[in-house]
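This document starts with one chain, in the form predicted on its own, laid out as structure tokens.
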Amino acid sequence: MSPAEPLLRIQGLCTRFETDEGEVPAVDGATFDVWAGRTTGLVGESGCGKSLTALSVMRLVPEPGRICAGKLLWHGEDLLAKSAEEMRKLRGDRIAMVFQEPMTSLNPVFTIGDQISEVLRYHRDAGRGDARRRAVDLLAQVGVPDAGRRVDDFPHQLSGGQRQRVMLAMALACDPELLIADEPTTALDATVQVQILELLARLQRERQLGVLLITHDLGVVAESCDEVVVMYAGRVVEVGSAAELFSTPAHPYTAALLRSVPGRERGRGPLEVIPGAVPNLSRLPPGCRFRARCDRAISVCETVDPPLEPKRAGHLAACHAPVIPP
């Protein structure tokens, strides 16, 4: 892979679920890149398809979901063409994921040291002693105090922030090239959130990690991300640099999200809410999915679903309306 190519290129990814109400396009044509040494933020309201996009990359979509179209190009090879065994070897090795809630990801009946060691023994064929020593070292690297003792703790003996650090240690055990972090600061207090984000940033610099950071917190995006991908109702509606997206969003949904950030009302006008609700994915309206909630909708929006296309150099949006200020 040349340096000019992304670490991961997602092209036209479609992931659907069969339900009693019909087929649900949970991820519908997602297209964006993740680069080595950079953080790509994936943002949007709950249920927009962020986490499912990540699970699709990992080939961990739960039943009755299925990936029905698109490409996931990793070093030029399509992950969708790999066998289940090839994906098992890739997951946790070159591509790692930190899930939203550590207590549902960590096994309560094994020590954290055993769980980190298991990753090393599977992917690196490490002996029991070497794997344990590496586990202690990894816990120290991610800031778990007294790692030599805490390595024998069970998950319930740790705080939420410490469990999240353990998940990072497991994810980084095999020096992956790509780390997918799904809401890594959810349910943590503000001080611990800052610590976890600073830790992620330091590890990225030291290891030249590509990071896909999934969050609904635009404050986290502003502090942590180089590029931002905005999703709405299963579709990517905007892609651009963090600096440009925050200063001049190209999609009305992104602009509305920025206007609804708590704290904004103190300096730039009243806090706003986005009227209406996300459409039912099993009964999508014709035209633009955001049309019913958009104050800039025009007649073409009623019938034509806008494609994701360039609005400025390196900045894409799926919108018929002209680019607007925040």
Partner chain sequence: MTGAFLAPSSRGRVWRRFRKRWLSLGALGLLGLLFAAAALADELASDKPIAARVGGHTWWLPNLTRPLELRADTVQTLRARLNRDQGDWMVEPLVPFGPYQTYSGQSAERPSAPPWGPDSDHPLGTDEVGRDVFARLVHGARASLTVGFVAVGLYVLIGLLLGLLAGYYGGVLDAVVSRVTEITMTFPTMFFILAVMGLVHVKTLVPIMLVIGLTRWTDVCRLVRAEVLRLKTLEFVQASRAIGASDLRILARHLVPNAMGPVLVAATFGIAGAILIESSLSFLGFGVPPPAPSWGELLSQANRYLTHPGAWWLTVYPGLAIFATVTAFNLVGEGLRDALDPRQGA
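If you're wondering where the values come from, they're calculated on a predicted model, not measured in any experiment. Residue numbers count along the first chain shown, from 1.
The next section is about a form of this same protein that is not shown, the form predicted in complex with the partner chain.
Residue heavy atoms within 4.5 Å of the partner chain in the predicted complex occur in exactly one stretch of 139-147, 110-118, 243-251, 229-237, and that stretch is 110-118. By the criterion of a heavy atom within 4.5 Å, residue 100 is counted among the residues contacting the partner chain in the predicted complex. Remark: residue 191 does not count among the residues lining the partner chain in the predicted complex, judged by a heavy atom distance of 4.5 Å or less.
Mapping the unseen interface onto this chain, residue 123 counts among the residues with a heavy atom inside 4.5 Å of the partner chain in the predicted complex. Contact annotation for residue 88: at least one heavy atom lies within 4.5 Å of the partner chain in the predicted complex. For the options 195, 162, 204, 105, the one in contact with the partner chain in the predicted complex, meaning a heavy atom within 4.5 Å, is 105. This chain appears without its partner; in the predicted complex, the one residue of 58, 284, 261, 294 with a heavy atom within 4.5 Å of the partner chain is 58. In the predicted complex, the residues of 143-176 lying within 4.5 Å of the partner chain by at least one heavy atom are, in order, 154, 156, 167, 170.
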